[in-house]
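In the block that follows, a single chain appears as structure tokens, in the form predicted alone.
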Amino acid sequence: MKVTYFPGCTLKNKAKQLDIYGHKCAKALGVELEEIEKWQCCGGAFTTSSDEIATKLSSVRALKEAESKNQPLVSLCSACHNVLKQTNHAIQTNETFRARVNNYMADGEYNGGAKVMHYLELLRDVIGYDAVKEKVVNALNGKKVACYYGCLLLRPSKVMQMDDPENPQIMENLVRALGGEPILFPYKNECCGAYVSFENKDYTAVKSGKICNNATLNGADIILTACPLCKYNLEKCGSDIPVVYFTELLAEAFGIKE
């Protein structure tokens, strides 16, 4: 099976190894991530300004390429996924926005026909947790995991539609498939401080610190995340336990982590 793949900036630079693990784990599961040849930054954040078109065009081009291949558009980064999904939704539901975007399209219109999936959804909805479980050679053996979602995987919930926005289970069920034990973690949907870290490090340290402390107090051995910025902020706050990206955990369980 082949899918169109949008890597994003962080996973091609500071977090390159997380991208490599994503490719290797997908291959082990019979999926090829076909990276878009001339992808550009998704914009970093989805602006809700109705007249902001330019920052969304790279996402539209990626969506258009996936549609032309009749493949889902898959991303590993929750921020990229959020921008891609919200842009696609805006194309589908906002006629004015769609018309203005298509004024820039030199090779035909795009009307929102692509399917946008996060890698976690690919594991759950296409591959299936049973198939994931079959590939496990290094089970987590009951290791206690705090699944941290942050903001962008789940919100806005009517657009993202990945899971229950108040009590998501997509990462918990992955952890179970890998032999781990997800813990009850009240702070799993709280903001880590996100992009505020660039202008107010103290505020981000407080926000991230509360999340890490809550995970530790509830008995977690590790914190699992699907956002490179969340991972960065939680680690910078001085977490007492490892902060692990989900592709790292998957690669470790599959026996392919370096």
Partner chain sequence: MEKNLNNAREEIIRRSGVNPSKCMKCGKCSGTCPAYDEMEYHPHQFVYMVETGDIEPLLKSQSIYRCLSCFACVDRCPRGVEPAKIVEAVRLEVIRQQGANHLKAEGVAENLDEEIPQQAIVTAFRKYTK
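Positions refer to the first chain, counted from 1. Computed from a predicted structure; not experimentally measured.
Beyond what is shown, the protein has a form predicted together with its partner chain; the following relates to that form.
Which of 109-117, 175-183, 135-143, 148-156 lines the interface with its partner chain in the predicted bound form (heavy atom within 4.5 Å) = Among the candidates, contact is made by 148-156.
ask   = Would C227 show up as a contact with its partner chain in the predicted bound form if we use heavy atoms at 4.5 Å?
value = Because a heavy atom of C227 falls inside 4.5 Å of its partner chain in the predicted bound form, the answer is yes.
Residue contact check: D125 to its partner chain in the predicted bound form, 4.5 Å heavy atom = Contact check for D125: no, nothing within 4.5 Å of its partner chain in the predicted bound form.
ask   = Looking at the partner-bound form in the predicted bound form, is W39 within 4.5 Å of its partner chain by any heavy atom?
value = Taking the distances in the predicted bound form, the answer for W39 is no, it never comes within 4.5 Å of its partner chain.
query = Though only this chain appears here, would V196 touch its partner chain in the predicted bound form if you measure heavy atom gaps against 4.5 Å?
reply = Close contact exists here: in the predicted bound form, V196 approaches its partner chain to within 4.5 Å, heavy atoms only.
query = Which of the residues spanning 1-23 lie within 4.5 Å of its partner chain in the predicted bound form, based on heavy atoms?
reply = Residues within 4.5 Å: C9, T10, N13, K14.
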